[in-house]
Ligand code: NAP
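A single chain comes next, written as structure tokens; it is the form predicted on its own.
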Amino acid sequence: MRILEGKTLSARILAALPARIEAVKARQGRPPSLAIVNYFPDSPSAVYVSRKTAACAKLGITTKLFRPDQAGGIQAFRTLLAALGADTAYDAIMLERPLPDGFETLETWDSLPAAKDVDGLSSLNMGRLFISKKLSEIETAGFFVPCTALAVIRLLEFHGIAPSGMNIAVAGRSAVVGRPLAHMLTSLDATVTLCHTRSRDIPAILRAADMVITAVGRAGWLKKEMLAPGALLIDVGTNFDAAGKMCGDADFEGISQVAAAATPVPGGVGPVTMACLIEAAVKAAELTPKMEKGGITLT
């Protein structure tokens, strides 16, 4: 089985940033800056927080980690987002998920100014994504898209895998991975089936796919019997097994017996997502002169 690792691509993305960072510093008198908001320091996604901050520090990007108290409730959270949005010391804002129960609402996402919303959560950024017909529009326009979804697309391109004409099954319909990723794959002329908890006979849907992308957040749920021989697997899951070891959604040892290629966890989609986020923070700083009160201008 071919291993679709992401560390090489991540390093390549980050290596392209120093010149852009220096240009930002020359223009605005300081480096790009990123605010990271994380409620659960022990969550699987939070494992990457220290890696993000270390990578940013190496590049000269300023970061600050905010750890709000859940007791403050959703209003305090929205107030924090509004304050960070108005604070010119920060070019970009990143929310680590999960958030406390009840916090993930449209009002929350729209508390993020689109110009600083580097993970593409706000309705303005998400709307711009879904009206884009071609991936080239998504990559070159002045808005932001969910970094994990973008990382999958870039990882496929890096490994020479063209989605055009493929039947692809995406397991998980979240607003930050499944749905935006399905749209991006469709823009690359793939035929996409988006599976969720109410889908009938998910194993049959997955076995009929040329490529399976799993983003359900359940350790080891995807077994080899659920893949067609020779299928491709992109594992977006970030979980911990019973021994406390990071793992994906797939039973990696099992699927290695049937899949033609698969991403490892860790070392697959995760490093590329981190690099895409840092790149987006630099992009936010670059777009600062083009900001207007309602978000990012389209000129």
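From 1 onward, residues are counted along the sequence shown. Since the model is a prediction, treat every value here as computed from it, not as a measurement.
Form predicted together with the ligand: not shown, discussed below.
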property: 130, 221, 103, 158 - the one with a heavy atom within 4.5 Å of the ligand in the predicted bound form; result: 221
property: Contact residue in the predicted bound form, from 145, 93, 212, 177 (heavy atom within 4.5 Å of the ligand); result: 177
property: Heavy atom contact within 4.5 Å of the ligand in the predicted bound form, the stretch among 184 to 192, 76 to 84, 165 to 173, 137 to 145; result: 165 to 173
property: Contact of residue 197 with the ligand in the predicted bound form (heavy atom, 4.5 Å); result: yes
property: Contact of residue 237 with the ligand in the predicted bound form (heavy atom, 4.5 Å); result: yes
property: Contact label in the predicted bound form: residue 202 to the ligand, heavy atom within 4.5 Å; result: yes
property: Close approach of residue 269 to the ligand in the predicted bound form, 4.5 Å, heavy atom; result: yes
property: The ligand in the predicted bound form: contacted by all of 10, 59 and 283, heavy atom 4.5 Å; result: no
